[in-house]
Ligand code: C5P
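Okay, here we've got a single chain as structure tokens, the form predicted on its own, with questions on binding and movement later.
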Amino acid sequence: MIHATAFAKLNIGLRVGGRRADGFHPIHGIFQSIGWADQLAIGAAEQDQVDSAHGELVSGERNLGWRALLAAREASGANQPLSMVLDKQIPVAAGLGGGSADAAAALGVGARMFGLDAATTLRLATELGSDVPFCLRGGTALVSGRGEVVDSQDPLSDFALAMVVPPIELSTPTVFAEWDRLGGPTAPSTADRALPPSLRSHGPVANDLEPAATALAPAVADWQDQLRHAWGRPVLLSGSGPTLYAFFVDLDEAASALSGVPSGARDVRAAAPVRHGWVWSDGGEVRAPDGSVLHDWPGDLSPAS
């Protein structure tokens, strides 16, 4: 049995271009893996089976993690039945890439089980979804194209995040469609002085999907205004939303900020950047995607900053 931790994805700014002929929108933004994670347990079985250890489980072909694992098996030509148990902690339809994170971890485990090379694994990741190539690599990256161009950057570490998921679900395709309907609005940038120093060299930070998300769900803007007033700093939207976040000095400060969040949120979390999109263990040391041992990682594969 291989155990994996799949880390959520945060969009620190997202610029969006007009719809391409293939139906996708070109994007450009800073993507960051954060210490908010799902857990997966994958192994050989007598018959194919996917189960939930915690949280809502999207079943069958709609479960992106399961689809990724089956895609790895199919690409190898193997027919070994598989089992996957998913402990779902990342909220769904929240702009945190939880399904893509699960897919990346399951694909990475499947590639190791079935001996897939890096090129095949990356091709499968791109076919599975726009966020999966980033989640497969993780850390800090500039992401462009439709999401398949992942340019790794020096890891960010000089901040923590207070994160709030309002009681709203937003579908990414629906938000992009609304962005098209609105004529492709460009969002204003966050002032450099309000950003952690490590982000100031990456250019303007803005999320072009914010006008579309708030048009579809005006309550997102209400939550954003409340948090901005409570925290006294800019509050940003991750991806297609509705997750809102702000930068703090460390996890203690971020956790303290969350103590005053209005009731009714789907979830709240203090989180910090992590250097990988997923990590794994087969019962021994915790390892990075490339197999190298992470000597300072918690042995239970719990989310860590």
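All residue numbers are counted from 1 along the displayed sequence. In this text the structure is predicted, and so the values were computed from the model without any measurement.
Below, we refer to the form predicted together with the named molecule, which is not included among the displayed structures.
Contact with the named molecule in the predicted complex, defined as any heavy atom within 4.5 Å, is confined among 42 to 50, 24 to 32, 266 to 274, 247 to 255 to 24 to 32. Between the options F176, F114, F159, W231, the residue in contact with the named molecule in the predicted complex by a heavy atom within 4.5 angstroms is F176. With the partner omitted from this view, the residue of S76, S130, T214, Q89 that lies near the named molecule in the predicted complex is S130 [heavy atom within 4.5 Å]. The named molecule in the predicted complex is approached by R146, whose closest heavy atom lies within 4.5 angstroms of it.
Residue contact with the named molecule in the predicted complex: T172 places a heavy atom within 4.5 Å of it.
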